[in-house]
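As a starting point, one isolated chain is supplied in structure tokens, in the form predicted on its own.
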Amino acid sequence: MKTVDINYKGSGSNIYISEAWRLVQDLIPHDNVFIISDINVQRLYGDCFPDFPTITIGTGEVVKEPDTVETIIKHLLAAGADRSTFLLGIGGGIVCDIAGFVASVFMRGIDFGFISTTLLSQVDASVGGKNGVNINGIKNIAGCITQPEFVICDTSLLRTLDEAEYISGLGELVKHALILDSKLFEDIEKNTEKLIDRDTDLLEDMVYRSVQLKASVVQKDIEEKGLRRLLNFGHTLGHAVEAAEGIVHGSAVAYGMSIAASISRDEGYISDKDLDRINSLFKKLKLFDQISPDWDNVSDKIMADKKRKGKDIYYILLEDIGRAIQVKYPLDKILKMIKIKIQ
């Protein structure tokens, strides 16, 4: 088993990467635990859940709303939960976001942990302490940063993911390579077939390396005031396309990364050869095919991007494969640059 720790100002989060599902019994309290999961995970793995009450939610972005948070809190109150309650989220990114958000606000904060069941969640969503919900179709516009006590990334759970969900997770894996680690990018290039086939040993290694990369950034900038913004590479457009067009997260972000890489080339940072390598990898991993988003819908979503500061926005570009930078653009300028690329 491999472990990664995130430490910040005396608090920490322990991340366990392996076939480590059973480890949860040693990490949670012996009583006063509630589980949050979704209907799919409950169906597949419910018989293996720890023996505690389970609150089951639906699936998809439609449930990642304040109404779901309110429903869960009412359930917790009716069941006698208190400030000593421990909340365990078992599921993908949506379950972890909701469970973390509920735990962060219920009675001003209770302890929580995750068993992360999707590749997207293991390499990104459940790591780093971001917890959020959507309002009016704007992703994660209400949220907080609170670290879970632990995250279990059991790569054996990835065998039951449907193909679209699995491929979506590869998008965030590539993102970490593009912004932080050229060697990881090369290794992904060399192993695309094994990745698509869900090779167990390769997945465990790449999830571990990806989590290490994210943790190295998060613990230096837990509140996303500087360095952590790099993790949003591809997300300014990606989140907008995801919300406006209903495309799965990883594919939408891959599309956003492709556009950002093209702008990076135009701005003189990366070469045509680098851009071709990036787009070739996206194609080999089947991350996206033809995407033609409606500009009016997309631009409205970009206007609500959390990285916007007044009339400016921090937009993440590639200085090289494996090294990202943040550039502060006037919002109207970056909107024009993106519009040219997608039309």
Ligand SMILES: NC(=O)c1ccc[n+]([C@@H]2O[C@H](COP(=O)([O-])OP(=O)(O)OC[C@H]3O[C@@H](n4cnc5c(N)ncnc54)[C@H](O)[C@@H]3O)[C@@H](O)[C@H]2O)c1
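This one's a predicted model, so the numbers in the text were calculated from it and none came from an experiment. The numbering used is simple: start at 1 and walk along the sequence shown.
Just so you know, the form predicted together with this ligand exists too; it's not on screen, but the next bit is about it.
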Legend entry - Location of this ligand contact in the predicted complex, chosen stretch of 279 to 287, 22 to 30, 292 to 300, 57 to 65 [non-hydrogen atom, 4.5 Å]: 57 to 65
Inset, instruction - May I ask you to choose, among 160, 216, 136, 84, the residue with a heavy atom within 4.5 Å of this ligand in the predicted complex? - result: 160
Inset, instruction - Decide yes or no: are 40, 117 and 165 jointly within 4.5 Å of this ligand in the predicted complex, with each residue judged by its heavy atoms? - result: yes
Inset, instruction - Using a 4.5 Å heavy atom cut-off, state whether residue 130 contacts this ligand in the predicted complex. - result: yes
Inset, instruction - Please check if residue 76 has a heavy atom lying within 4.5 Å of any heavy atom of this ligand in the predicted complex. - result: no
Inset, instruction - Find out whether any non-hydrogen atom of residue 45 is located within 4.5 angstroms of this ligand in the predicted complex, and reply yes or no. - result: yes
Legend entry - is_contact(residue 210, this ligand) in the predicted complex, heavy atom dist at most 4.5 Å: no
